[in-house]
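The form predicted alone is given below as one chain in structure tokens.
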């Protein structure tokens, strides 16, 4: 057969497969406000950079008349391409083909590109849009999920793993995104749940909508399963591209350097934080006041708002920021904020990203609900994450640093490399009012004017302990600095920590309080 005929045959076969589930299925997909799998890949990657593999793979199932069904590409697209010129591996489930259901060959395509990503040390991006396991293939579908989960785990901390939920992600399928580093969801499109509304109605007799059960807002605000929330697929892909600029391609590299720029003048660090410790403020303005170009890329913005995490740059270097948020619950640490902070700290440590911590914390949240929810165990995750981290750790105490919260928020005692405090810092076992009421209880209660004596003792305690100088006198704080000096001190500290090395005891792994 002549070569040109062979080429024509190839093109015909390719065009047929590229139609996925057919024009009618594609129209239905778009009617739901969703792009096709290939459109999503092309939107995310650099122009003309995508190389597809296993285009002609199909299932080999025979039961339930499956041998009579053709499923182009077996409902998933895999390949490699580039984002801003750097290579990435990607897979996208095709909902137009059997609802993107996962069978054996479908899973083998995904695990093949996962193996490529790990071997080539490049990020993996998975676009999930699937009805779940392909029931007709039975245990083979379950085996496929298990192989994916194993690779998610082996790749964790070695290459960045990003999950994008752009349709349903149900049953066992949800555990792969849960094992990855970052999960992106889109309003009115993303759905994640273990058990669907129909089963809940049958078993529990409760009516619940799919959106209320596992929609984008639920996972962004309530469950904490999603790290980024977008209102459209376009916005979601922009978020992914921005994230990619902050993170290194693998754990053997550091993130790409950018030309540094001064913070924008509208963010004046001296005007952000009120001296009165009871007055709230937005700690994100402190981050923007010291970071390059005032650029801060927040993660998990809508969940556990009493702590703020995200990426910025200092002197062109990617930096992770962790900060108590006085606007929410006075910045107290609780179950959810501890989980949120600890996981981010461990990510930064795994991928060689320095951590800057801004402290304004009244302690851990007291109460029966928190105790019963395991605040001791969850709160210990922050202690573990900071103690374990070997990347440069810089801490700035802005105002309150009370009790266990002071220790947990990257204190010198957890081996922070540099600890700075503003003159407004209050480092103590507890707040002055509570401390005075305990220490001077008898004196206050026996006086003729308890209120006056209480005020006097509170001021006495403040003068003696509610300041940074006692801690500084013990060497727990390296320098008490003016707010305007914060960026200068942080830039210098990051620069001198560039080649930090630390030896830890040999062990297989630690046992964090999961």
Ligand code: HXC
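Note that this is a predicted model, so its numbers are computed, not measured. Residue numbers count along the first chain shown, from 1.
Below, we refer to the form predicted together with the named molecule, which is not included among the displayed structures.
- The putative spot formed by 363, 370 and 428 is not touched by the named molecule in the predicted bound form; no residue has a non-hydrogen atom within 4.5 angstroms of it.
- For residue 98, a non-hydrogen atom is located within 4.5 Å of the named molecule in the predicted bound form, even though that partner is not displayed.
- Of the heavy atoms in residue 168, some are within 4.5 Å of the named molecule in the predicted bound form.
- At least one heavy atom of residue 133 is located within 4.5 Å of the named molecule in the predicted bound form.
- Shown alone here, residue 454 lies farther than 4.5 Å from the named molecule in the predicted bound form, counting heavy atoms only.
- Contact annotation: the named molecule lies within 4.5 Å of heavy atoms from the stretch 133-141 in the predicted bound form, the single such stretch among 353-361, 133-141, 232-240, 257-265.
- Scanning 316, 280, 172, 404 against the named molecule in the predicted bound form with a 4.5 Å heavy atom cut-off leaves one residue, 172.
- Shown without its partner, this chain lists 28, 38, 462, 487 as candidates; in the predicted bound form, only 28 has a non-hydrogen atom within 4.5 angstroms of the named molecule.
- Residue 210 is the only one in 206-229 with at least one heavy atom within 4.5 Å of the named molecule in the predicted bound form.
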